[in-house]
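Heads up, what comes next is one protein chain in two forms, each shown on its own as structure tokens, labelled structure 1 and structure 2.
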Structure 1
């Protein structure tokens, strides 16, 4: 990694609003680039290779693991997911700040390898609000919702492993706080 001070990690439990916060940040600053993950899962309808994910075979992914070509990687639900190191380095060399919107385990891996990276953990205003946000998506069955909520308890308990913890009460306020941290 060339300049890991230009590496920003945003993490937190599912439903906390990471995607919404990141979308706002990217719209406000053209010098920030959102890292694209690689995966072995099949593309979903409307997803494009190199835009949503880098879609690849298990064989290619495992080869990249062996060659240590990932910043972080994990296996989830039978598929591999990871952040290709080469594209992150390339963007940093071109002067971009690289933003990683990733799950907590991947964020911990990166923080262990690159302690200089700025890590921000987003908390929900309350567990009740988190549950409401997850349910309002309307995309999951009760069992999946309960799994996400159980996982959120574990993830929130690990928030002290990150440089900054922000409570996402209002997206606009959270975005302003993230910018202050990035620019300081």
Structure 2
């Protein structure tokens, strides 16, 4: 991989609003490309293979780990998630800014390997607000919600490992701040 300055990591706990922020950023700038991750979790209603994620079996995921086909990977709430290396390389070589929307363990791995990548941690305004956002999303069952919330405490405690920490009060303001960081 060549220019790691072109690698932007958006991380933070599940439910903080990473996906919404990223979606708005992509709409504003065609030179930014969002990496599509691989995962072993089941698709949610409306999610499409190759669009939201590459959905795959545990066996296939582990095979990709063995073949070193991930830039990073992590286990999260009982499933595997990983960033396929080949497409990220390809897009960086083509001159795109590559955006990764990933959880904290994977983000730490990238920060250690490529310190010149830009990492942004999104914090919720409060833990109560985070819980409200996860519940309002309506995509997870109670057990999965609880797993995500208990993991959030640990994730928030890691926020100081990243280059910038932004509190996601309002999407519009957060998008503006992220943009400034990307362009600076």
Ligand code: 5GP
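Residue numbers count along the first chain shown, from 1. Values in this document were obtained by computation on a predicted structure and should not be read as measured data. Take the two forms, find the largest set of C-alpha atoms that superpose within 1.5 Å, and that set is the rigid core.
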* Structure fact -> Properly assigned, the form predicted on its own goes with structure 1
* **Core-superposed C-alpha of residue 128 shifting 2 Å or more between the two structures** => no
* Is there a C-alpha shift of 2 Å or more at residue 34 between the two structures once the rigid core is superposed? -> no
* Structure fact -> Treating the chain as two rigid parts, the smaller one turns between the two structures by an angle in degrees of 19
* Cα shift between the two structures at residue 69, which is computed once both forms share a superposed rigid core (Å) -> 3.1
* After lining up the core, report the Cα displacement of residue 60 between the two structures in Å, one decimal place. => 5.6
